[in-house]
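Below, in structure tokens: the form predicted on its own, a single chain.
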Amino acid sequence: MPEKMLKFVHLPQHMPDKRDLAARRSDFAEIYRRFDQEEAARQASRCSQCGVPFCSVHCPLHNNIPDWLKLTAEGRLEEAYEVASATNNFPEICGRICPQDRLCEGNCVIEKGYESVTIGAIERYITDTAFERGLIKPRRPRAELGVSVGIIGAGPAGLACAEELRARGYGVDVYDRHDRIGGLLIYGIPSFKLEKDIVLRRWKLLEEAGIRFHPRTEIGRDITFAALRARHAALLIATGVYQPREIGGPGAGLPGIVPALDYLIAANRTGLGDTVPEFDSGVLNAAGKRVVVIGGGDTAMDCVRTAVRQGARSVQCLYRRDRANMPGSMREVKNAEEEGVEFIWLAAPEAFLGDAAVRGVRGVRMRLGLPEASGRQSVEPVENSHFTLPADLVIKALGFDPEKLPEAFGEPALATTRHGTLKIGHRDFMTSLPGVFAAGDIVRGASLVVWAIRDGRDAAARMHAWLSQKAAIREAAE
């Protein structure tokens, strides 16, 4: 084993430094500073180069993590980026927003007490530095195939598929209803986790590769689904899931109770310089308000930390299970607590109080019960444990469901599951319509960005196989 590796025995784990707490509470800049070359190499050298790399096994993309850690430790940055990008279209994004504590770093075989390798921070260093040194070029095809494919949705699944198909020589058109490319990367994830220049930089690179983007294009309104099928040899649907799950109980319809995505989109648009009337009027602005966020996932963490930066009077997060059963990243919970968010564990809303607008949340304490079919413990209310939280803004972060695409696209033959997601053949990614494929959250349900990238890459391979077979059959017939 090279002398540069296995340093975990005497070299402690060091995460990138965080910006000053007071400063980061008052702006939307990313909170983590970046490793310099020396520290990146030192931290990469902690990798044990184990025989069965569980970091790779538990990464949805199966990134060759030990390989690019070794290359980083040896100062071979260009090769490190080549290895990292071979399996991941957007390593600079995954390095920032992946829940590494649940995936690669959480499965590092270095035993507790020595702590895992800081994989995400090194991944970010590799790609950001490679961009700065001009090492990253657009993936242009060697030859054009003369075959056109269309992709509906410019989120991570759609963009990953677009890049893979373009590299193979297809003409690729990407349609998205928003005015910027990136989907939730632009509008759903706050800048303190993912600064928007990072996404816009990747968008420019994809355009330079020859991918054509059509923003502000809603299928079913600006162009029919049938017309799109006629225009392209194959289609991919990668629209994601945006429909917020509703919350019941008395008072649930009061003004001041808003969906998480509406709130985050308004904040991100404002940060991008857009005029957002709902933000300017205060409807989707937490400034000076007592904020209660309901939910325990990463979206809830994005909401509470956004509210802090907007100058909320107080921010509380209500979650029906305990900290150990929270689906969100523990790293994000810790960051939120540092920034002043109060978590109220084992508590659920029962009613919302107010007349013209919400003024409080009536909650009840919960306790954990027997495991459910999913394996998670069930929850049940504790008798006579009601309490009231004052609230001027309540944000619902309970997850997302898919929109009704057959109706939206005017295509009733597009089959869906009982959950509203699109049905596909799990070996070929094809929907019930020939030549129409689907990938990402619209198939999987609300999930991680890294899974969307994986699905987009897999869908591209299946689309290429189908189109190649179709071309071979046509050539044989001729």
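Residues carry their position along the shown sequence, with the first being 1. What you are looking at is a predicted structure, and each value in this text was computed from that prediction instead of being measured.
Another form, the form predicted together with a small molecule, is not on view; read the next lines as being about it.
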item	value
T217, heavy atom within 4.5 angstroms of the small molecule in the model of the complex	yes
Proximity of S447 to the small molecule in the model of the complex, heavy atoms at 4.5 Å	yes
Contact test in the model of the complex: Y175 vs the small molecule, heavy atoms, 4.5 Å	yes
Touches the small molecule in the model of the complex: T299 (any heavy atom, 4.5 Å)	yes
One stretch from 176-184, 353-361, 310-318, 283-291 that, in the model of the complex, holds residues within 4.5 Å of the small molecule by heavy atom	176-184
Contact test, all of K193, T239 and F409, partner the small molecule in the model of the complex, heavy atom 4.5 Å	yes
Single option in A154, V304, I126, A162 placed near the small molecule in the model of the complex, where near means a heavy atom within 4.5 Å	A154
Single option in A347, I97, L393, A336 placed near the small molecule in the model of the complex, where near means a heavy atom within 4.5 Å	I97
